[in-house]
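Taking the form predicted alone, here's one chain by itself in C-alpha cells.
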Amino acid sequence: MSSQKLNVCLSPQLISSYADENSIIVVIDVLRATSAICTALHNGAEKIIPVVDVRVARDYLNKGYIVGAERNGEIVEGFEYGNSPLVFAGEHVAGKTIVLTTSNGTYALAAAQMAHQVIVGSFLNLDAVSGWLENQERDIVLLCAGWKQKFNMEDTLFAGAVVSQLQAANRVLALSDSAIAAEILYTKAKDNMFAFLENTSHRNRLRTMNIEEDVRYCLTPNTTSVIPMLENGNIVKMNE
C-alpha cells in the first residue's frame, strides 16, 4: 500500500485529525468563496486577503480596498460585495488587492494555515488542481469548508471529483474512508450535479435569495487554469 495518504476532511473542526505541518491542504468552498477566489485571480486580481472577522474587513473597506463580506449567504450590511464569484468577473479587479470574509471559506483557510502548502480548489479549476496534485509526494488533505462546521454536499462532491481524477491518473494513494465516500457521491452526481444538489441545504438557502445563477456558475468545471495558493497570509496565483 502507498504511504502517501489522500484524505477528505468533511469539516474544518476535524482538520487536526487529518493534517499536520507536512501536509498539502486543498481548501474547498464551492458555494461560493473558493469559486470567487478563483474568479478574481483569473480576472487579474493581484492577491486576496482572507480575514475571519468582519470588523477587520470593515477596516480594509474604510481604507479603500475592494472587500467582499458575506454572512449566512448574504452581503454584510455596509459592504458593496458579498462572496458571489460573478461580481469578481470583470476588469475592475485587475491589479487590485481584494479582501474577503465569508461564513465558511475564510474560516477553513484559517484552519488550514499550519500546513506545508495550502491551495484553493473549486469546480472552476478542477483539472488544474488535480493535475498539480498528481505531481506531489506529500500527504494530501481535501478540506471541505462545509456550512458552519457541518458537512455539506457540494464541497464533498468536489473532493470526490479530485479523488476520481487522481485515481484515473493511476496515482496509488492510501484513501481514507471519507475519500472513498466522496468519490462514490461524485460518481452518482457527476452527470448532473445541479439536479443532484436540488434539495441540499445550501442550494435551498441560495434559492431563497434568487441567486441560482451563482450555483450554475460554481458547478461549471474548468473555466480557469489558475491555482490560488496561500502565501504569507495572502492568496496569490501559483506560477504556472
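What you are looking at is a predicted structure, and each value in this text was computed from that prediction instead of being measured. Start at 1 with the first residue shown and count on from there.
The same protein also exists as the form predicted together with a small molecule; that form is not shown, yet it is the one meant from here on.
- By the criterion of a heavy atom within 4.5 Å, Asn83 is counted among the residues contacting the small molecule in the predicted bound form.
- Using a 4.5 angstroms limit between non-hydrogen atoms, Gly105 touches the small molecule in the predicted bound form.
- The closest heavy atom approach of Trp147 to the small molecule in the predicted bound form falls within 4.5 Å.
- Contact annotation for Ala189: none of its heavy atoms lies within 4.5 Å of the small molecule in the predicted bound form.
- Contact with the small molecule in the predicted bound form, defined as a heavy atom within 4.5 Å, holds for exactly one of Leu206, Leu185, Leu197, Ile49, namely Leu206.
- Think of it this way: in the predicted bound form, the small molecule has a heavy atom of just one of His42, His202, Arg171, Arg58 within 4.5 Å, and the residue is His202.
- You can rule out all but one of 175 to 183, 49 to 57, 189 to 197, 25 to 33: in the predicted bound form, only 25 to 33 has residues with a heavy atom within 4.5 Å of the small molecule.
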